[in-house]
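Just the one chain here, laid out as structure tokens, in the form predicted on its own.
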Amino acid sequence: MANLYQSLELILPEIVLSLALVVLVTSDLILHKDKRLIPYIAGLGIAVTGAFVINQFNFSGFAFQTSSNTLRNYGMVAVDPFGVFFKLIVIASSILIVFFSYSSEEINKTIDRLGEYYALIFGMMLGMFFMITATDFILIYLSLELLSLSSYVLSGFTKLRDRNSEAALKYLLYGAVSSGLMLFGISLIYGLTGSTNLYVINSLLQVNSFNGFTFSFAVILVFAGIGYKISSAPFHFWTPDVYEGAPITITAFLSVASKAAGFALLIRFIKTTFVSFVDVNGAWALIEIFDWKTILVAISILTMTLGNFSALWQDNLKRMLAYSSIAHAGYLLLGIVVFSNQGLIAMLVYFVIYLLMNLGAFLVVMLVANKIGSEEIDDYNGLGYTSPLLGISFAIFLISLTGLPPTAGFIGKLYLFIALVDAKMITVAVIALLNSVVSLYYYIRVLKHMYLIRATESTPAVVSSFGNKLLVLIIVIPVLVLGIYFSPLIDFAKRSITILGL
């Protein structure tokens, strides 16, 4: 019982989130004639959960420990600063999405189903929370499925156009295949090692020899499931169609929060299962049973190259930002391929900045779509003159996504390139730099339409409410500030790299 109480204390954020979900569903049943309070209840639930997450920053321990004949007992859930960092990314994204949804015409047109909408978002959050902290393949798979099933429904939630249903169906089909591959890989690893716990598998890999080909094949299958979540090539094919077809709020949520959970899972999987020790310089010593460096370098280069070149000829801004999101997944992978604490710090810094600039870009697209009902780039002609705040803010977000100073995006990429250079991966750094140059073209193309092509007399001005203008400023100001004063973010990332070790 003592172990149970300790475990429940360690998963308090997940418990609070579950209770908030129950309160939300109950409130929806009681307030079935008036849904206006539902977003406030959802926002309050997320804020309270966030408070419990922050309170765990200095906690460290295993929840739901199981007996083992190996060195010591390990749990199914590891609570550590690394997990808290990514939970805060999910919390921040979720709160912003609640505000986005409140202003979204797409969501307001389905106000009679608002309770189900927020309940599914909470289901996604619960799946992400467990994905971030899970250290056992069984819990990893269950949390991945909880996240996926909720996101399948949300991607086709509005049913306003045919593309909504198309997005949900494609997401479901790709998700089912990747989940099946991952489950097959997990079964192979369990057959080889006799365990589903990542820490136990690490201990066994260090003292026993296994069939290298079979184990590598199993790891690749597991990575297929994770790669699908982070939109890395060649598991990215669902991303543009789903991002274009889903409501803009859900597209933004998938592009940041879901990706954050996927990266947290990938990093914990690699470091917990395949790293034997971390030396005094912060470099990770990998167990030589699977060549992670070659695989991840190849996937990173392929992902950023495909994403950037596919975005070049996109006329729909949601599709363009979808391919941009794929390219940024490739950049984020660069922080892992260094296999050092410095690379991990660079990746965490980049993720905070990516959250701001990507959600900001989607917010502007949503506000413009609310007014003109279009996401096509030609309909942005003269936006910088008809709607100066949105035009300037969108320009800042796009410049930051490119990685140009003095925006925060420059700092994110700078730290990634420094980590690569320190690891003597100069060729990879040059390829990443050239990809950033390619991305400049399709971002500048949007600026050309906003500022160099005049709006026609029939082009409506996008007039936003005071609340929406304030929300835009809340996101755009940190993008500028972090481009100049970023030391607190670096310090926070350094304190967040602690992953509960062996």
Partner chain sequence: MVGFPILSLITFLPVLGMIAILFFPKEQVKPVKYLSLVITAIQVVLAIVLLSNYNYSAAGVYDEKSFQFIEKFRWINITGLSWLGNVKIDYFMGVDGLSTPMVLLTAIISFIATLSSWTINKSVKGYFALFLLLDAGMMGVFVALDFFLFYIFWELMLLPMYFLIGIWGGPRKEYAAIKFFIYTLLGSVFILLSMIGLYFSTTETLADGSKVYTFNMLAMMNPANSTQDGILSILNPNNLRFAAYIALFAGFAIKIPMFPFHTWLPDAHVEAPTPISVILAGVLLKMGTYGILRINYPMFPEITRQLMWWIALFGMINIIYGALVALAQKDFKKLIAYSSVSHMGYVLLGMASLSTSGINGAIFQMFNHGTITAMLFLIVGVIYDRAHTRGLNDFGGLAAQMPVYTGFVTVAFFAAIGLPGMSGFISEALVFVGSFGVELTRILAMVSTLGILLGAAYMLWTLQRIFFGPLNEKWSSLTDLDKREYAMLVPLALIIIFLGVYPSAMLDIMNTSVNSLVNFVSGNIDSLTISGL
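Note that the structure is predicted; figures quoted are calculated from it, not measured. Positions refer to the first chain, counted from 1.
One more form of this protein exists, namely the form predicted together with the partner chain; it is left out here, but the text below deals with it.
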query: Check all three, Asn281, Gln342 and Val430, heavy atom within 4.5 Å of the partner chain in the model of the complex; finding: yes
query: Location of the partner chain contact in the model of the complex, chosen stretch of 430-438, 25-33, 466-474, 46-54 [non-hydrogen atom, 4.5 Å]; finding: 430-438
query: Contact residue in the model of the complex, from Trp238, Phe82, Phe122, Phe417 (heavy atom within 4.5 Å of the partner chain); finding: Phe417
query: Heavy atom within 4.5 Å of the partner chain in the model of the complex - the one residue of Leu142, Leu389, Ile295, Val421 that qualifies; finding: Val421
query: Touches the partner chain in the model of the complex: Phe59 (any heavy atom, 4.5 Å); finding: no
query: In the model of the complex, Pro406 touching the partner chain (heavy atom, 4.5 Å); finding: yes
query: Distance check, Phe410 to the partner chain in the model of the complex, heavy atom within 4.5 Å; finding: yes
query: Contact label in the model of the complex: Ile426 to the partner chain, heavy atom within 4.5 Å; finding: yes
query: Contact set, 472-494 vs the partner chain in the model of the complex - heavy atom within 4.5 angstroms; finding: Ile484, Tyr485, Phe486, Ser487, Ile490, Asp491, Lys494
